[in-house]
Every structure is written in C-alpha cells, then in structure tokens.
Ligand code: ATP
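First, one chain by itself in structure tokens, the form predicted alone.
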Amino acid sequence: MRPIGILGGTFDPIHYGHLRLAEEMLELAQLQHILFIPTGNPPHRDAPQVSAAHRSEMVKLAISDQPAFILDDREVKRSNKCYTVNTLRELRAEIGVSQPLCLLMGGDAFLQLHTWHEWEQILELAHIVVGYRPGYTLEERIHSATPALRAHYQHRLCAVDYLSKHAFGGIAELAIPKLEISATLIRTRVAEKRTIRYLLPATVAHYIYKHNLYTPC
C-alpha cells in the first residue's frame, strides 16, 4: 500500500524550497499524495507573522497545479497549541491502522525531534522520512542528538520499500538537493521592497502584494 505523506509547517510563506522537497519525496518515497498541513498555533516557535487564514490560502494557491498535493487545514482551525502527535492521531483514526503514513521533514528538524511533544509516540503512528543534502548524511550528524533519539535512529532506520509494507515505525533517509530559499528571506525582501520573483509561485507572490503581507506597519 503506497504511503500518504504529511508535510507540516508554518508556511509563512510557502515557497519553492517547500514545494521542491515535497515533489522529490513524492517520487522517491513512492507516496500516493502529500497532505500540506499549515500550523495554526505552533508550540515550538514564535507565532507566524501573518494569520493562519492567509498562510492556508497561500498553500492552496501554491499547490493548485499538482493533484498529488492536498491542503489539510485542520490545524489552522484550532485555537489551542498544535502538536504533531495529536494531528497524527486524528489522521490515524480517519484512515485506519493499516494505511502507511510518512511524516516528512528535513535533517535539522529531525535532530530536534526530542523537543517535540510526545515525540516517541510519533513513530507509533507514522514513519519519518528525512530529506538531507546529497553527500551530507544524517548519520554524520546523529552523534549530536540525545541518546534516546540516536537509539531510535539506529534501530528504526529502514529502506524506502519498508514504508509501503508497514503502517508506521520506520525512519528513512532521502538525498534531496536543497534550494537555498527561506521564508525569512522572502519576508525580508518584501519588507525591503525587493523582488521575490522565482522564489515562490507567482500566484503566491500576487497574493502577498494584494493583501500587503510582510510589509512594515
């Protein structure tokens, strides 16, 4: 059974770095589709600069031309803190226990996984698929992680074909070229009235300008 991918984030705003990562993982991990889940009230970082409604709409615009990318706005509708483990529990209840789920993330996020709420339970609900730069593997960096996270990494590391044969529990690594684009860069350029062309889809750029997002008060 082909897995369903889950890509969460503030998407403040969504850009080609997010989209290229998702496209690569869709292909390399042989996913059915990917759910883009904008965070409503993130517990691990400062509040996003623009509202959840704006961020959700920008994701919707950015993924509109890829049928395998689907907006899931459940977190932006919540008023309380949004924890990944709770979202995964909801999804698991909806799709059943046998459907493989893959939580997609970058290497930096994975190395901070131990700071997430009930992080060990995540692997009882989904696989984790980690994207890293070619030639710069997670194995070379895992020594800096906590002993508990290192143990999970060492015992659960798996090949891609494991993801479709089991519903959860594996950690797979994919070499994915990284685009040097960040949401911070885009917000800064908008505030400085510099071009953001080719950093994100034109529809998203138009939305940002139309609604005067990221401009100084």
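Quantities reported herein were computed from a predicted structural model and do not represent experimental measurements. One rule holds for the numbers: they count along the sequence shown, beginning at 1.
Separately, the form predicted together with the ligand exists; it is not shown, and the next lines address it.
(request) Using the partner position in the predicted complex, report whether Ser64 sits within 4.5 Å of the ligand, counting heavy atoms only. (result) Heavy-atom contact with the ligand at 4.5 Å: absent for Ser64.
(request) Verify the contact flag for Leu179: yes if a non-hydrogen atom of it lies within 4.5 Å of a non-hydrogen atom of the ligand in the predicted complex, no if not. (result) Leu179 belongs to the contact set for the ligand.
(request) Verify the contact flag for Arg187: yes if a non-hydrogen atom of it lies within 4.5 Å of a non-hydrogen atom of the ligand in the predicted complex, no if not. (result) Arg187: yes, in contact with the ligand in the predicted complex.
(request) Determine whether any heavy atom of Ile142 comes within 4.5 Å of a heavy atom of the ligand in the predicted complex, and answer yes or no. (result) No, Ile142 is distant from the partner.
(message) Within 4.5 angstroms, counting heavy atoms, which one of the listed stretches 67 to 75, 81 to 89, 117 to 125, 98 to 106 is next to the ligand in the predicted complex?
(response) That would be stretch 98 to 106.
(request) Identify which of Ala167, Leu149, Ala183, Ala29 has a heavy atom within 4.5 Å of the ligand in the predicted complex; exactly one of them does. (result) In short, Ala183.
(request) At a 4.5 angstroms cut-off on non-hydrogen atoms, which residues of 5 to 28 are near the ligand in the predicted complex? List them in order. (result) The stretch touches the partner through Leu7, Gly8, Gly9, Thr10, Phe11, His15, Gly17, His18, Leu21.
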